[in-house]
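What follows is one chain in structure tokens, specifically the form predicted on its own.
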Amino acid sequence: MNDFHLNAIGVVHSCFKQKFGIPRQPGLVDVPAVIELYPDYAREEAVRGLEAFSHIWVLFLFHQTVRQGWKPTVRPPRLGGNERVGVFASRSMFRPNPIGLSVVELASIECEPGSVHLHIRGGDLLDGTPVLDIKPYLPYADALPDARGGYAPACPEVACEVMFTHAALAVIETYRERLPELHQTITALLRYDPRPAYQAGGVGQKPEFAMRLYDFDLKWRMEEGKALVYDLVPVEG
């Protein structure tokens, strides 16, 4: 059996509106998100007992890179973006079957007739990501303290300090009631330096970057090894 069909069981709603800037692994940034189950699977009995688990595995589709196909070797960011390894020795999205796997915290489950929403935290999931399956995380089986991590043996170190201009802080303050976590989220995202590895090593310039976060274009630049957030521009639609 070489060909098979998978149905998405739900979709992710998150603050990450584009691939650039998303945490490179789950658990690095404590941001909330929601998994909405599709009507055929939005049944209370389908998630019965899941509330007893603190974390879940989410299997999902790299839907924005499906048409780009797969690559036998890739350049992991943890190796500086210069050294190649086999795709199966990475978590690259350019896979023969573009399936991703993330462990996230299960904050709560909201069930209503014909509607099931899983509230999660710490995801690295693009808004609109199709969810293929959900499984409970089992600490005794899934957490292996003696396992070897290859070229990524430990959590990445914080790469830079994050600063804000007065203008950026003013925008954040304006949205404090609706997005109380905005300042913390931006800081947590940028301190790991989301720039591609080939750009992170540049010197002598002050390149500017932007990413879509929530309903904003978040704009920052690197100055003397620090990430300076200088503007948040609301995006219509």
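Throughout, we count residues from 1 along the sequence that is shown. Quick caveat, the model's predicted, so the values are computed rather than measured.
From this point on, the text means the form predicted together with S-adenosylmethionine (SAM), which you will not see here.
Only one of 161 to 169, 112 to 120, 134 to 142, 86 to 94 lies within 4.5 Å of S-adenosylmethionine (SAM) in the predicted bound form by heavy atoms, and it is 86 to 94. With respect to S-adenosylmethionine (SAM) in the predicted bound form, the three residues Pro26, Thr65 and Asp124 uniformly fall within 4.5 angstroms at the level of their nearest heavy atom. Interface membership of Leu101, defined by any non-hydrogen atom within 4.5 Å of S-adenosylmethionine (SAM) in the predicted bound form, is confirmed. In the predicted bound form, S-adenosylmethionine (SAM) lies farther than 4.5 Å from every heavy atom of Val229. Proximity of Leu61 to S-adenosylmethionine (SAM) in the predicted bound form falls within the 4.5 Å heavy atom cutoff. Contact between Cys15 and S-adenosylmethionine (SAM) in the predicted bound form is not found at the 4.5 Å heavy atom cutoff. Comment: S-adenosylmethionine (SAM) is not present in this chain, but in the predicted bound form one of Leu218, Met222, Ile9, Ile22 has a heavy atom within 4.5 Å of it, namely Ile22.
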